[in-house]
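The chain below stands alone and is given as structure tokens, in the form predicted on its own.
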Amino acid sequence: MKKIVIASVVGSIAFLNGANFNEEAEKDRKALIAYFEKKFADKKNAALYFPYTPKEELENNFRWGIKWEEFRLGSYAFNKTGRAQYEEMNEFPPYEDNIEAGKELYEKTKFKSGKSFKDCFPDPAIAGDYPKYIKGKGVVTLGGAINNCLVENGEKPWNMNKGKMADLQAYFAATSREKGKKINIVIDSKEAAEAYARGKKAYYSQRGYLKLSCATCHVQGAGQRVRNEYMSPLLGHVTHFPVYRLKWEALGTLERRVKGCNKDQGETPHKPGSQWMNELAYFMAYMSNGLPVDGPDIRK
């Protein structure tokens, strides 16, 4: 299985002269789509992709024939029982108050400079445009852009994981979803391509005392069960953030979720806003390019 992933997903790191700085990333993205569509095409592939999953479970609890856009739902794309529970939970979304709180922050917060978030982000439908590479600053996530706005206007930066940060991102995501925005990550320079490659390396590198990588769970392991939950695929991962997790009983950002994954891998969590975290998010977001912004959403 590792050979399949390495051949079809990881590939070689190469940089291009000229304008097509995203060519290598596009190869990765298309290979990832092909990998997951094949993995969930038919239960006949189960011996290759799900060698430890009972046949009865594959027949009764898996949906097959899943196409690209459906993967924005994470494990609910293929998990019948989970999908039913997800749809039930979304009848009364627990994050609606967060969206309203984020809207109020956007419309009413006044900085010491006399400016507001509207001056930094005239159009709030921007959730799908981040992370982005900015010359002189490197990769800037949406949370990073919000904190940059605060600091540049004489305010203290916010906690990157939750609270006001998650609320404002929820408003940006909800507005983006209403306007039909899609994930639109741009790689338009050699430096941006290098940042993408470092993020990709971070995603596929084994770390911590358990010697796991992000891909161990979310590429090779996607669709396999850990206790009572199925591991979600990389494809579509960023589309639904910020996310309300039942485990948290609160809304949280992508950075918060990655920190939790770091702990699960047996390593010291990387700091939100760090180069490592930002570039990892850059890679992850590019892999979902073209998928609809679907946040905020709910997960277990």
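None of the values given here were measured: they were computed from a predicted structure. We number the residues from 1 along the sequence you see.
Not on display, but discussed next: the form predicted in complex with a small molecule.
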item: Interface residue in the model of the complex among Val258, Ala46, Ile33, Ile66, criterion: non-hydrogen atom within 4.5 angstroms of the small molecule; value: Val258
item: Tyr133, Tyr106, Trp158, Tyr203 - the one with a heavy atom within 4.5 Å of the small molecule in the model of the complex; value: Tyr203
item: Any non-hydrogen atom of Leu212 within 4.5 angstroms of the small molecule in the model of the complex; value: yes
item: The small molecule contact in the model of the complex: Ala250, any heavy atom under 4.5 Å; value: no
item: Non-hydrogen atom contact Ala285 with the small molecule in the model of the complex at 4.5 angstroms; value: no
item: Cys217 within 4.5 Å of the small molecule in the model of the complex, heavy atoms; value: yes
item: Option from 80-88, 149-157, 217-225, 174-182 whose residues, in the model of the complex, bring a heavy atom within 4.5 Å of the small molecule; value: 217-225
item: The small molecule in the model of the complex reached by all of Tyr95, Phe117 and Ile126, non-hydrogen atom within 4.5 Å; value: no
